[in-house]
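Quick heads-up: it's one chain on its own, the form predicted alone, in C-alpha cells.
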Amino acid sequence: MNEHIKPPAAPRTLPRESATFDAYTMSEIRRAAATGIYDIRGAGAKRKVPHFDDLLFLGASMSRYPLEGYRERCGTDVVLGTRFAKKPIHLKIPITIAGMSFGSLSGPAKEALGRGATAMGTSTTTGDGGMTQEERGHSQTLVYQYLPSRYGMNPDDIRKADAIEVVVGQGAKPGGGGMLLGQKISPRVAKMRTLPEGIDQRSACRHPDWTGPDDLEIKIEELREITDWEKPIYVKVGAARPYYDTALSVKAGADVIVVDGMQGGTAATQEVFIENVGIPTLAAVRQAVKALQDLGMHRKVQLIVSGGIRNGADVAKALALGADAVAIGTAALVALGDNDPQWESEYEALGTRAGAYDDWHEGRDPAGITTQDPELMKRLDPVRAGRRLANYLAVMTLEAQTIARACGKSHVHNLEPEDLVALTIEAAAMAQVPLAGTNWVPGQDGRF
C-alpha cells in the first residue's frame, strides 16, 4: 500500500527580487517607457548615504568634566558676516531657515516661517522669486537670495534685507536649475517673476553676467555698493567640490559660505539629478572647514551647513565638525504641518502618501504649504504654524545644548571633532574622526 502514497512536494523557493532591478526601479522603467519623459519631484535624495547618524559623541566622564544642566550656562548665539559687513547679523540660535521661494511655498507658509524664526531670534531666507510682504513683515532678520534666474530681483528689496545670499548652487541639483510647474504660477507669482500665468518655468543653472570667481568678486563688490557695505554677503554652493568652492568664495570676498549637501531639498527638479548629483552633507562639512583653515579664515568667514538637518544632534555634530550654523528647509516645512498623516486620504488621491514628499511640485498640497491654490492655502493658520516652528527650533536648540554640556562645553561652538567618533569606515573617512573603539582615522595623512 505504501507504493501508492505520493511523496511530499518539495518546498517552493520564494522568488528573489533583484537588488539592481528592484520594484521601484522596474516601475520607473515602465513609467519612462509609457510616457517618454523623465520624472520630476521635490524634496531631496531618498537614497541612504552616510549621514550624521553615523557619528556619536563622547560624553565627558573622567578626562573631561560635564556641565550641570539648568545650572551652568551653555551659549547658542552666533554672529554672521563679521569679515566685511558694517552690520553683521546676530542670531540667538545657530539654526536658520533656508531659502524656499514664494511660488514653491504659499504666502501663509512664508509668513509662518517668519513668525517662527523671529520668535526664536533667528533668520529666514527668501528663496527664488523675490521678497514677499508676508515674509519681510514677519521676519526680524531676513536674508535675500540673489539667484541666477533674477526672478523678482529688486535693488530696493535688497536694501530692505539684512543679508544677501548669492546662490551658485543647491544641494539637490548642483549644476542644474530648478523648476516651478505651471499650476503654481498664479497671477501674483507671475507678476513677481514677470512670467506668463500657468506656464511651466525653469530657472537658469548659472548666473547670466558672470562665469567664475573673478566675476563673482565683481558681483559681490556691486552688491556691497548697492547696500553701502552694510549687509553680510553669503555665497551658497551645492556640495560637489566644497574645498575649492569654499576657497574660491573666500577669494571672491564672501562674508559667509553656505554649503548644501545632497540631502537638501528642492521644490522640483529631475529625480535623476536629486539622486545622482552632488555629495552627502557629511562628506562636505570637513572639506569646507579645511579650506577655511588652510586660508586662515575659519571662524573669520562663517560656515553654514544645510542638507538633511533634522534634530539637535545633527546641529551639534555639524558644529563639532567646524560649522558656525546650520540651515533647515524640509524639516521646517514638516514642523509647519506639511506631509502630516491627517491628510493621508488626500495625499493618496494625489498618488502619494504622507511622508513621501512627492507632491511638492504638483501645487495641490492638502496642508496648504506648497501650493498657490486659494482654498488649500486657507487650511494653514500662519500664527499656529509659526508657533509650531518656534517649538521645534526650541527643542533642537535644547538638544544641541544638552549634548554640548555633556561634553563639558559652555558654548555649542566649543564642540570639536575630538568629541566625535564614527560608526562606519565611510563616516570616519568623510568626517575625519576616529572609528569608534580605535584611534584610526582613514586618510589621516591629510589626503581626502
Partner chain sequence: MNAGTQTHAVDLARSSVRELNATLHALKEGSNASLWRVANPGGLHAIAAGLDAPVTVEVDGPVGYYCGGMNKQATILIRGSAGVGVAENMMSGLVQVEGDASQAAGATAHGGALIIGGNAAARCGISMKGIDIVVKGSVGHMSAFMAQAGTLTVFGDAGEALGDSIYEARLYVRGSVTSLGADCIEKEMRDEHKAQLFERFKLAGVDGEIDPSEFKRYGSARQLYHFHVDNASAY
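Since we're looking at a predicted model, the values are computed, not measured. Residue numbers count along the first chain shown, from 1.
Keep in mind the form predicted in complex with the partner chain is missing from the figure; the text below concerns it.
Checked against the partner chain in the predicted bound form, the candidates Ala204, Val79, Val272, Ala356 yield a single residue with a heavy atom inside 4.5 Å, and that residue is Ala204. Though the partner chain is absent from this view, in the predicted bound form it lies within 4.5 Å of a heavy atom of just one residue from Trp210, Phe84, Tyr243, Trp343, which is Trp210.
Contact with the partner chain in the predicted bound form holds for all three of Asp156, Arg159 and Gly198, each having a heavy atom within 4.5 Å.
With the partner chain left out of view, the stretch that reaches within 4.5 Å of it through heavy atoms in the predicted bound form is, among 31-39, 58-66, 389-397, 413-421, 31-39. A residue is said to contact a partner when one of its heavy atoms sits within 4.5 Å of a partner heavy atom; Ser149 meets this definition for the partner chain in the predicted bound form. Proximity of Glu222 to the partner chain in the predicted bound form: non-hydrogen atoms within 4.5 Å are present. Contact check for Ile226: a non-hydrogen atom falls within 4.5 Å of the partner chain in the predicted bound form.
Among residues of the shown chain, Glu348 is not one whose heavy atoms approach the partner chain to within 4.5 Å in the predicted bound form.
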